[in-house]
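Below, in structure tokens: the form predicted alone, a single chain.
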Amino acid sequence: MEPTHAALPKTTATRHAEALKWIAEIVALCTPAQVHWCDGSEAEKTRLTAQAVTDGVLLPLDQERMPGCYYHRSNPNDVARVEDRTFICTPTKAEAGPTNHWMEPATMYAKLRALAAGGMRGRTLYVIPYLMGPPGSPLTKVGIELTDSPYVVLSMRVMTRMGRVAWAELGDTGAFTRGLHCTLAIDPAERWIAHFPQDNTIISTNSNYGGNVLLGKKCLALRLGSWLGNREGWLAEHMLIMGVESPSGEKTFVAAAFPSACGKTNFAMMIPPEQYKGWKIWTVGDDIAWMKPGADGRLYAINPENGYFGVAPGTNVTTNPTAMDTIAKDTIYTNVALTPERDVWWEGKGAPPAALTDWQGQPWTPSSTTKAAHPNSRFCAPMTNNPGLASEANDPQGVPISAIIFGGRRATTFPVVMQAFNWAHGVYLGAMMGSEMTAAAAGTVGQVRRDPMAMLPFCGYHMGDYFGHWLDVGKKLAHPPRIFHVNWFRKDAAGKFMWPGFGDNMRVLKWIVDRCHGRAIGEETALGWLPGPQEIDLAGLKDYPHERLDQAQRIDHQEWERELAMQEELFTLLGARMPKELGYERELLRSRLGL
């Protein structure tokens, strides 16, 4: 007999009638063998972890060397976000916009209900109540994810504030995001990640990869979050949040958006160079920022997440020592390589051991022609592990943002750092940002792939309206953050990087902080404000004269003429819904450059 509402386990967790009714409907649809209501306790974590090990879902790592760490290997056809299977389901295609995949809601619901019917037979359905944001924050949202994956349960416990705390926040009548995840057969042909903004609902089928099934992450935090923010007057952004503390104790909070492979997590956890003695970087968040105008006219931000779901390859004690400390305990690793001693390894971690088991479970040696770890292999670690975690990370009011930084991977054109003249100019810089294709990617080398504000795969509605919302938020700020653009990846004629990057990015960050506090004069140029002579401190940077920085900051009019021409593609794509203010900013830049 299929479970009914009355057949649900007795629980004092919630009396929320709408939530109970919806959960009963999903139980009746998916017909699980049993229902487990997650409470988020340590005892529950211990039980579920032990069961996951017994069932082969998790493998314990060396518990002396890596206490509380476990390994998960996913299906080889299920290793990354699937943008071509990710849909925004709004009543009209125009609402989703030309940068999103769209399907009419009733059609998608029918497809997904057919897949989910009986889809948990013989399995356990887990009820995961969770918070995105600190308890009591005006920006915090409650979600309920129903899943049949213990890997998802344990990962959501890391990435969100999960369990009783969420029921308490929800109360008896509060709003919540519905989320259903059915593992099914991991069939790529029936893999769907569907968002229904009007219903505040997310449904994911035939995947068990984190980015597709941890429904609080990109799905709620950005796709539905951006849609909700547009209607409620706040911004859901693909941004890190960091605190920069000077030796005198002055704290300045910065948000930054970088596309993939541009060093966002490294920047959020940066350790300043030796000569910046007394300076500290505090991590509020490494991936998501929810930001809202405050009563004092400033922009306040929270990190809605509770953990880090980071890419492992390339992470090491040189590029990100803070991350390496963070993932040394209580971490779930997915699709990295294993040593015979049950330690983990990935490309970029250090010299490879003589023998490994690769991410697909096959023997691997340094002479193998395949990667030992999948390029998108991950770690999932609690933010409380971070030795540089900001004390304000759980502040319900958030932190006041003094600077917003946009940045892409550009070998030419863009200087290492520049500051926008004003909010509208800054929105224009963010809207036009992107990265150049490399030889490793499909497409033309040097071709710019636009990723506006690093949100192209994550904006849950028409991107022209999204830009307009940014402009509207700026009008509500008496003291808006200053907006900057950085480019750590400019190259010289010989193809060598013109800026050292990594910890030395602190030198640029200090100039940004000084600009926010009126301590750096800067120089007005056609592009915006650039650092004046000697304003970027290069002391202690071996074999890097100021002339090298001047070269990296050079404005090449021919390159900018090409850049402005290439921007036409995005303006054309968004058509009449591209805010006219951004067109004005483009023409003003053309005029200042004399083009």
Ligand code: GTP
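Computed from a predicted structure; not experimentally measured. The numbering used is simple: start at 1 and walk along the sequence shown. Between two forms, the rigid core is the largest collection of C-alphas that superpose within 1.5 Å.
Keep in mind that the form predicted in complex with guanosine-5'-triphosphate (GTP) is not shown, yet the notes after this line are about it.
Colleague: Report the stretch among 188-196, 130-138, 499-507, 355-363 that approaches guanosine-5'-triphosphate (GTP) in the model of the complex to within 4.5 Å, counting heavy atoms only.
Modeller: In short, 499-507.
Colleague: Even though guanosine-5'-triphosphate (GTP) is not shown here, does it sit in the model of the complex so that P313, R409 and W488 each have a heavy atom within 4.5 Å?
Modeller: Per the other structure, all of P313, R409 and W488 touch guanosine-5'-triphosphate (GTP).
Colleague: N306, N266, N335, S435: which sits within 4.5 Å of guanosine-5'-triphosphate (GTP) in the model of the complex by any heavy atom?
Modeller: Residue within 4.5 Å of the partner: N266.
Colleague: I need to confirm a contact call. Of I401, I144, C262, I512, which residue comes within 4.5 Å of guanosine-5'-triphosphate (GTP) in the model of the complex, counting heavy atoms only?
Modeller: Looking at I401, I144, C262, I512 one by one, just C262 meets the 4.5 Å heavy-atom criterion.
Colleague: Is H238 close enough to guanosine-5'-triphosphate (GTP) in the model of the complex to count, meaning some heavy atom within 4.5 Å?
Modeller: Although guanosine-5'-triphosphate (GTP) is absent here, H238 would touch it in the model of the complex, with heavy atoms inside 4.5 Å.
Colleague: Can D287 be called a contact residue for guanosine-5'-triphosphate (GTP) in the model of the complex at 4.5 Å between heavy atoms?
Modeller: Yes, D287 is a contact residue.
Colleague: Though only this chain appears here, would R378 touch guanosine-5'-triphosphate (GTP) in the model of the complex if you measure heavy atom gaps against 4.5 Å?
Modeller: So R378 counts as contacting guanosine-5'-triphosphate (GTP).
Colleague: Would M103 count as moving between this form and the one not shown, using a Cα shift of 2 angstroms or more after superposing the core as the test?
Modeller: For M103, whose C-alpha is compared between this form and the one not shown after core superposition, the shift is less than 2 Å.
Colleague: For G249, is the CA shift between this form and the one not shown at least 2 Å following rigid-core superposition?
Modeller: No, its C-alpha moves less than 2 Å.
Colleague: Using a superposition on the rigid core, decide whether the Cα position of K277 changes by 2 angstroms or more between this form and the one not shown.
Modeller: It does not reach a 2 Å shift.
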